[in-house]
Each structure stands twice: as structure tokens, then as C-alpha cells.
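Before any questions on binding or motion, here is one chain by itself as C-alpha cells, the form predicted on its own.
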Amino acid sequence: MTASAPLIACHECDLLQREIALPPGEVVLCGRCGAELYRSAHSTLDKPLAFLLTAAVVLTVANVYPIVGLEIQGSGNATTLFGAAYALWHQGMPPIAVLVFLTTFLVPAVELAIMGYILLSLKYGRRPAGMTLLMRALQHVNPWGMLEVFMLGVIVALVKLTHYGTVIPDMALWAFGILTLLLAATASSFDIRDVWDRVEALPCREVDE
């Protein structure tokens, strides 16, 4: 480590430390609090892209097929996520309907779209337009993705519904469960430091604002 090495601030305790070169698969921890500072860069973008594209397909499946079916005295009914939000809206609960739509569909879709645009641009050697704005948007929408909370709520609801009839888990329910894991894998493989390093390595055409 030399005095000319770039400085990095710990996101937990704000301690300034000098960066060091890392071999593949290694992690740098803060010398004061032990928080992870950064990891070694991916050799390719194939891994995050694979997670992201799979998550996009599963998100589509989860919103096309019914989540759950309920059969009471021989009469059955099933609904999709959009159907559930639509029913909440028309039952006098528009804030909850909007919240369900935003946190379980719109926010994950926006996250995947932003990350997909950035990764595909870098994959083909192009500097993403509006990179700074995209990263800020990603930072702002990230806390609103609440699929894991939605899944917990669905499980609780299913347990209660078993007292009224036969509950039949449908394809979308399993898709949402898989999607929760895929989104976590996508977020962990989307290394912001690595992304910015790749952007800086590309020829500058315009200054992103």
C-alpha cells in the first residue's frame, strides 16, 4: 500500500483508509469496525446478468399467473397480484392497493430495468447514459422493494384462509418465492464499485449529470 493509493471511507464508521489491490475472491474489511469495504472485481459481467435476466423472467411469470386459489363448498376462485390490488382498490383501500402494486411489482421492475441497462451497456463496451442519475434512482427505489414482506404476509393470510376452505397455492406464489432469492442474488452480484470502475475505464464521451 502506498501513500498515492486512493482513499475509501467506511460506510459504517467513516474511517478513511487506503485501497489495496485484491486477488480474485478476496474481501477488504474496515480496520476499525470490521465492515466490508469492497470485494475484488468480477472478471466478467456474466454472473450478475444471468441472475438479472432470470429474475426478469420469473417476475413476469409471477405477475401473469394466479397467486393462490381458494375453494369453498365446491366453488373456487383464484387471483393474480394485479387482481388482488384491483380488488383492494374497489373495496375502499386505494392506499394499500397502490402500496402492494409499488412494492411487489413496480419497484422490482424498475430496479431490474436500471441494473439491466447498466450491465448490458457495459457488456457491449458502452458508457451508460445518465449513469449518475441512474445510480441515484437505484439507491432511492431500493428500500421500497418489499417482496420478502409480501411473502410473509401471504403465508400468514394462507394460514388464516385454511379455516374457510381449501387453499391451493398457484404458480405465481412459487414464482414470488424464487424471485425473492433471485433479487437478493442479483443485488449481491451487482457490485457498485466494480460497475463504476468499468465506467471509468471506458472512453469519456459526455459528462453524466
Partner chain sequence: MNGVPVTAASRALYSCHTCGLLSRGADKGADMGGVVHCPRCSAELHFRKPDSVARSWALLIAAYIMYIPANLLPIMETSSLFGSQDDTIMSGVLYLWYSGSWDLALVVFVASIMVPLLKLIAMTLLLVSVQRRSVWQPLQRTKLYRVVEFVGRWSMLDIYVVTILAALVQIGSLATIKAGPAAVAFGAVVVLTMFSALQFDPRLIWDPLQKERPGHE
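Numbering follows the first chain given and starts at 1. Since the structure is predicted, the reported quantities are computational estimates derived from the model, not experimental observations.
Missing here is the form predicted together with the partner chain; even so, the following discussion is about that form.
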Is Ala109 one of the residues lying within 4.5 Å of the partner chain in the predicted bound form, judged by heavy atom distances? no
Interface membership of Glu148, the partner chain in the predicted bound form, 4.5 Å heavy atom rule: yes
Quick check on Leu182: any heavy atom within 4.5 Å of the partner chain in the predicted bound form? no
Determine whether any heavy atom of Leu7 comes within 4.5 Å of a heavy atom of the partner chain in the predicted bound form, and answer yes or no. yes
Taking only heavy atoms into account, state which residues of 131 to 146 are within 4.5 Å of the partner chain in the predicted bound form, ordered by sequence. Thr132, Met135, Arg136, Gln139, Asn142, Pro143, Trp144, Gly145, Met146
